[in-house]
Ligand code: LLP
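Encoded as structure tokens, the following chain is the form predicted on its own, with no partner shown.
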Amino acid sequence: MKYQDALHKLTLFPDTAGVNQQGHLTIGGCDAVQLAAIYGTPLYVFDEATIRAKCSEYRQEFGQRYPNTLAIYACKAFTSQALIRILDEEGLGFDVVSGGEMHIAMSAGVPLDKVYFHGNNKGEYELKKALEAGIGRVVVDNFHELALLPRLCGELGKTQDILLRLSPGVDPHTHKHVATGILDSKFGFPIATGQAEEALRIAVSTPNLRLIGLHFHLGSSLFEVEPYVKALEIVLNFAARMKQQHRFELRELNIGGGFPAQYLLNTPAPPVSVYAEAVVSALMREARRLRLKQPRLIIEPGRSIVAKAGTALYKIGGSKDIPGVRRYVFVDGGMADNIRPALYDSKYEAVVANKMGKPETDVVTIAGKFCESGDILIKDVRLPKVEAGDILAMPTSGAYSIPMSSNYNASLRPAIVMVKDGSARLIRRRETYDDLTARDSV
């Protein structure tokens, strides 16, 4: 049997990935093995060029079809001051879902007029902080918030621009844990039950609120365009009815995100152009049919901006062979820095960063170091023969891994570096043991 080497997996890595003369994986002109030696493992490596290229792709593909489009980055995918500044330079706005995400955006110095505050249970303190800071938009999610927000606005003497988050009742054909636009969801005002209309009626008649648009988000990792088209038709029909019945003028339409990333070689994600063409065509067609003014279009890419840009590096330690069953290979990270495989049954590929030219002869399962049987990063991945001390590189690790990380087993959250043109800079240091007890008292 003829075995492939790891080169065929390079398409899953950042745009700048390659292999140097030592047979090592390189990212952004940096040797991944050297990065692991300098910064330790687990280590997350982000490639600046890949991030900027993806931002440019969204601007171009949507902008050339519908110039009145604003892309706002969904910070829940991963956020840091360094990343926020890069995205701001690329002209993106920001979607935040907590006071913490808002604080990071503010600390990075971005203009708050392009920040949209989401969330199904925003706290009074969070909303007050957002109003005081001059947040651009608040996306109102429920009736409790619809009553709380105008009270806070009144106390501060402000009028706030808002969007209403709607639940269009569309099945996005994705994992049940990340489907958010269905009727049975904790998010948004359902259109089908009449609650969306009631919320709109309240919003347009509340003095401290200025309702400028509608929002929906169908879910994550949507590999089909049909759910977007169906949801657009439902929401624009709703907007047309609300114009007639409540004199509501739709100025902004936020269709959320959900644009996917490619995690496996055999599951390519459609290019941004496919989504741009489907979304813009449906929006313009329905606006003409319903005699609506074309609203500003807001899109919220998150995963698709940073997933491919990020690579996780681990050091291989021990292993366990069960003859005729499985060989486990252990790494020095796992579910504490990437819980997605355990939580969503997410799939990944991997390479051995210091053996890129070696034939992939072995099928192994990559297990983490944590005290859970479910701490499995990858089942049945083909790799070269591995030894303790080898560096495992897992591509497409830039989204959700770090934000969902934990200190389980009192582990330390990993360091993060940004690479560009052969140089690396630390954008988040590794936690220390002292960090684990810094907030304790005895």
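A residue's number is simply how far along the shown sequence it sits, counting from 1. Computed from a prediction, not measured in an experiment: that's the story for all the values here.
There is another form of the same protein, the form predicted in complex with the ligand; it is not shown, and what comes next is about it.
- Contact with the ligand, judged by heavy atoms within 4.5 Å in the predicted complex, is confined among 356-364, 276-284, 297-305, 147-155 to 297-305.
- Proximity to the ligand in the predicted complex holds for all of D95, G257 and M404, with the criterion being a heavy atom within 4.5 Å.
- The shortest heavy atom separation between A74 and the ligand in the predicted complex is within 4.5 Å.
- At a distance threshold of 4.5 angstroms between non-hydrogen atoms, H215 is in contact with the ligand in the predicted complex.
- In the predicted complex, the ligand lies farther than 4.5 Å from every heavy atom of F46.
- Contact check for F223: no non-hydrogen atom falls within 4.5 Å of the ligand in the predicted complex.
- Taking R340, K369, K230, K315 one by one, only a single residue has any non-hydrogen atom within 4.5 Å of the ligand in the predicted complex, and it is R340.
- Heavy atoms closer than or equal to 4.5 Å to the ligand in the predicted complex belong, across 109-144, to one residue only: H118.
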